[in-house]
Each structure stands twice: as structure tokens, then as C-alpha cells.
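Quick heads-up: it's one chain on its own, the form predicted on its own, in C-alpha cells.
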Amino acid sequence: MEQSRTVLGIDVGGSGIKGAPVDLRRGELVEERLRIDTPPGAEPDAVAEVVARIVSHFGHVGGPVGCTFPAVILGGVVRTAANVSEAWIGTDAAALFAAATDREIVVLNDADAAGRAEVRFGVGRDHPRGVLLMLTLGTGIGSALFVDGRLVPNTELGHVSLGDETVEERAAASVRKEKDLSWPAWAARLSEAINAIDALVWPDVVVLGGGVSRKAEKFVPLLDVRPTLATAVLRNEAGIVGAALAAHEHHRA
């Protein structure tokens, strides 16, 4: 295997931080991923320590490291903090992680990373034209918007208002567990969420990802929405793959 096309990707989430080396010729993990619980409060130094542990675990994989983060990211700097400590706002995450790991780190929005992976290696290959929206269903709801395969970064459509709540407060996968909702009850909420976003961006295709996509048969047939629906091919590995892809492309550029 060509080492230059094997890149370490790390996916920082609200509940867990996971990473693995990725073969970017196929968009596949080449080793079992390492997952570590996100530290309580998700403070910058604590998260950086976990990222460093994952990089050290896969220290045999050289080159730049891609890392997702659940926030708006501009030039490596965190600009929002919905599901992590507000201490992140204004923090240069790329510099913080680089100092903790002694590696070049490329940081991008977590849903954008998952979407990039899905467009390159998954469902997006069947939809090269038009407007494609990926929603990652997890602790919150992340969004990645593509027009003819080109990313519109940092859309954060999970924060769209839906009555007195936001889309993610109403219909994130975590809400189903917290409120012990049945699959039909949660599907009704998710339909509301997708329809609210649809009214803003009118996607041709909505790709549903995140860990809950493994159980797509339980809720996707129950959704009542206008756009064509698809289930993410890479599922919960999309963030890792997309992070590695971003690091590789940044380094190559």
C-alpha cells in the first residue's frame, strides 16, 4: 500500500472521539478505529489530549492528520460551540492540536468532512449534479451542502428554528434516546426537521448519515418528505474518511 495515500483521520464528536488510518484510493479504514469518550465538558486542552492519544496510537502513519470538529471552522479557528465548551470559540484548533501532537493538523467541520467522504466514495457518486444535502444524525444534526459536487462549507442547518426549538433539539438521534421515542414518533420529528431545511435550500437528494443510519430500515421508510432520500454508504466512518481526505488534499495543494 502506498503510504502517501494512507492518511490518519480523526472525528471529534459530542460523545466520542475516534480515529483510524484511511486508504484514500478506496475510502476505507485500513485498521480498526480507536474510540475514546469525549471528556466531560469537552474543554480545549482535554480534547487536544485525546486527539494526541489517538495520533500516538497510530504513530506509524506519517504525514498530515485530518481532524473534524462539531462547529463552524474558518482557517482552522473555531467560531461556534453548540455541543462543546464555549471556551472553544476563537480557539485555533489546528494550532492547538498541532502543538499537542507535533504533527501538521487540518481541521474542518465534522458534517462537511462526512459529506466530502460520501460525495467522493459513497452515495454522491450516483448524484454528481444538482443539490445534495447530507445530514449527520447524532448528538446534534450536522449538515453538508453540495452544489454539483462542490461544498458550501459550514452550513450548520441543524440550528434552523423549528417552532420553539432548533432542528437538532427536535430531531437529533440523541433526542430519540433521551425521550425514549418510538421509531415512528422520531421519524415524524425528523420529517418536520427535513421539511424545515428543505424550505430553505431545496435539495434534490438528502443523504442520512451518522451512527443511526445503521438502522435506516427502521425509520427511513416512515419519513414524509419531498426530496429523494438516500442512506450514507460510509455511515459512521464518513467523518474519519472525510478528515483524512481533507488532510491529503490540503497537503497536496
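We number the residues from 1 along the sequence you see. Source: prediction; values computed, not measured.
Unshown form predicted in complex with a small molecule; subsequent notes refer to it.
- For the chain shown alone, residue 89 is not a contact residue for the small molecule in the model of the complex, no non-hydrogen atom being within 4.5 angstroms.
- Using a 4.5 angstroms limit between non-hydrogen atoms, residue 101 is distant from the small molecule in the model of the complex.
- Taking the partner from the other structure, the small molecule in the model of the complex has a heavy atom within 4.5 Å of a heavy atom of residue 70.
- None of the heavy atoms of residue 171 is located within 4.5 Å of the small molecule in the model of the complex.
- With the partner omitted from this view, the residue of 181, 82, 162, 131 that lies near the small molecule in the model of the complex is 82 [heavy atom within 4.5 Å].
- With the small molecule omitted here, the record of contacts in the model of the complex names 154-162 of 154-162, 90-98, 173-181, 115-123, defined by a heavy atom within 4.5 Å.
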